[in-house]
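Quick heads-up: it's one chain on its own, the form predicted alone, in structure tokens.
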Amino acid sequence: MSSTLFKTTLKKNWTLLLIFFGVLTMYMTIMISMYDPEDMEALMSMFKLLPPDLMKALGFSSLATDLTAYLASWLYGLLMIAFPMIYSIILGNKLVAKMVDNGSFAYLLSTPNSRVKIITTQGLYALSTVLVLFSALFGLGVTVCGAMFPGALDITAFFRLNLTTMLVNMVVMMISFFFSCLFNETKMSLSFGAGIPIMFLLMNILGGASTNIEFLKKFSIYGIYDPIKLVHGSEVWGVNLFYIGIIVALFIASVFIFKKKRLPL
């Protein structure tokens, strides 16, 4: 890894991370402030206005009564998947394909760093930003919940929830990064780097909406991601190892492909 390149990439992209952290901070703070431990039934009645199939499809659960399960259902069920997905798609394309497309990647190749070192640095930067994002969100959640509802949040379960959610989003980041390394044009990079994660999300939503097409969830990376089970102590090591395996495989494949490909520079 090149520390100089890592710092340069950070200077160019830190505002993007800050924007998405700001948006998720707003949503998390609002959702925590809406929690009413004295009258959860009144809160849930607002959401019961939605069709049951739609609530199930979006990952919302009416069984969430404690603060930790409430956040798992109403915040991590969709928002902590959809917004980081957008971030991953933008950044993944920006780190490689966009630079190749506009010719700026030639400056990186003119340095003493090898292709492998350059692309490894870009990939590690991509993963590290997801780590920073969810570490910050975990700290924010613990702090805000502690201030508003002291002792109500199960910190261990909340950490477990954030860890697996982070790994899911790292998979999305590596999907986008892989196609960014594979294609030389932004158009193609985004077509696959954005299209495949969105397809996985839609498959999971549709599979959750109807038992007739529930099999679609089995083909989605989100099919084994269940926020409610995570906070209720379900065994997650198998799920986490599955996601880690995909992350490592895509990272290695990205480096190998970029090393061998021809660049129009």
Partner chain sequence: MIDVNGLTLKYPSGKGIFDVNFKVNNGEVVGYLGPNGAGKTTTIRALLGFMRPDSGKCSIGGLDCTEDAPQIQKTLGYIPGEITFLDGMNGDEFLKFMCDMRGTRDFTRQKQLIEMFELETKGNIKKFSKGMKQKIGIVTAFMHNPDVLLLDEPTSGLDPLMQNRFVELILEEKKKGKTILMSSHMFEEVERACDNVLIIKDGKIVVQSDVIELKNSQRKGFIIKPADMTSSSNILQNAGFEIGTVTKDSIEIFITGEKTDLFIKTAAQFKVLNLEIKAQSLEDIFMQFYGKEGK
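Residue numbers count along the first chain shown, from 1. What you see is a predicted model; the values in this text were computed from it and never measured.
What follows is about the form predicted in complex with its partner chain, which we do not show.
- Stretch 107 to 115 is the answer when you ask which of 85 to 93, 156 to 164, 169 to 177, 107 to 115 has residues with heavy atoms within 4.5 Å of its partner chain in the predicted bound form.
- At a distance threshold of 4.5 angstroms between non-hydrogen atoms, Leu263 is in contact with its partner chain in the predicted bound form.
- Using a 4.5 angstroms limit between non-hydrogen atoms, Gly103 touches its partner chain in the predicted bound form.
- Remark: Ile81 does not count among the residues lining its partner chain in the predicted bound form, judged by a heavy atom distance of 4.5 Å or less.
- Looking at Met99, you'd find a heavy atom of it within 4.5 angstroms of its partner chain in the predicted bound form.
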